[in-house]
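Below, in structure tokens: the form predicted on its own, a single chain.
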């Protein structure tokens, strides 16, 4: 068991609450991501779990054992919490070889030499870095250094791994390769992983569960598919996705919604709204269709710019002072900058939010 529980945890720096009344449960063996923009509290949360920061309020349990409790001043030091940490900068000793870096923690714990060598052999084989064992960090690529940092924690047998944006220093292709490796590594070890990132794609592809944070407050905690498909509020909706969700104001009128440039059939999620209600509707760029034909779900727009991205293009259009971004198939796109055309909405894919609270409707 490596379950982690946070109960009403708060951490303040002066008058600023970096983490504010956070409660969550991370199941044993989960790959759990903390996602959000810079300053949202995700790294502070991870450091509180590790014991590198001390909370002002609340309680933290690891493996059903209390490691922090503000009520009775219980504070278990980091070295006794049974966790491993992988940092953004890898934190390898430059004067030590790969072998020495990996075995350093075991030597400090006075593990027998034969056990050290067996653990080293297994982790080198698992991460496919056996040929690097006698090199120094300065002789390694970024991806190789990342593997060494992972190996150093895995060799200790830690059942909980904390990773603070470990791929942010890698180039785009290597990040993709390392995502695959991290996912396979998690499946092989069964360790509980807490992964801090601001990259939505990393969180979506790696996580079994994830939490989105804003200004120290958890906004949503669910499976990645649910966070993407049913964002709990406007912040989560616009933060998730490769390209931000389009948001338009709408007014409920009978069975329709009046939006800039026209009207759309009323979305099912707005069923509780009275006539005249002001709401916000959201549609991801991939959920909109750009073309030259019109129907009851279309509005007339003008193309302002086109950003080719290979197979797709991001097409920016304007309508009555509002702007929309559409992901258009570059192989079949028939419009160009300056053209008047139509954007068609899929009413089954629309996301509706309260105009005042920004909470999801329906």
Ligand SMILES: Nc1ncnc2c1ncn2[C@@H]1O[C@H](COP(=O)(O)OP(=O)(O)OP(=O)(O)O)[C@@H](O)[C@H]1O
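All figures in this text were calculated on a predicted structure; none of them were measured in a lab. Residue numbers count along the first chain shown, from 1.
Keep in mind the form predicted in complex with the ligand is missing from the figure; the text below concerns it.
Trainee: Judged by heavy atoms and a 4.5 Å cut-off, are 249, 258 and 320 together in contact with the ligand in the predicted complex?
Mentor: None of them does, since no heavy atom lies within 4.5 Å of the partner.
Trainee: Exactly one residue in 202, 153, 165, 287 has a non-hydrogen atom within 4.5 Å of the ligand in the predicted complex; which is it?
Mentor: Only one listed residue qualifies here, and that residue is 165.
Trainee: Please pick, from 198, 186, 175, 266, the one residue with any non-hydrogen atom lying within 4.5 angstroms of the ligand in the predicted complex.
Mentor: Answer to the contact question: 198.
Trainee: Picking from 322-330, 64-72, 304-312, 36-44, which part of the chain touches the ligand in the predicted complex when contact means heavy atoms within 4.5 Å?
Mentor: Residues of 36-44 come within 4.5 Å of the partner.
Trainee: Tell me, yes or no, whether residue 22 is in contact with the ligand in the predicted complex, where a contact means a heavy atom of each within 4.5 Å.
Mentor: Answer no; every heavy atom of residue 22 is more than 4.5 Å from the ligand in the predicted complex.
Trainee: Is there a non-hydrogen atom of residue 18 within 4.5 angstroms of a non-hydrogen atom of the ligand in the predicted complex?
Mentor: Residue-level check for residue 18: yes, a contact with the ligand.
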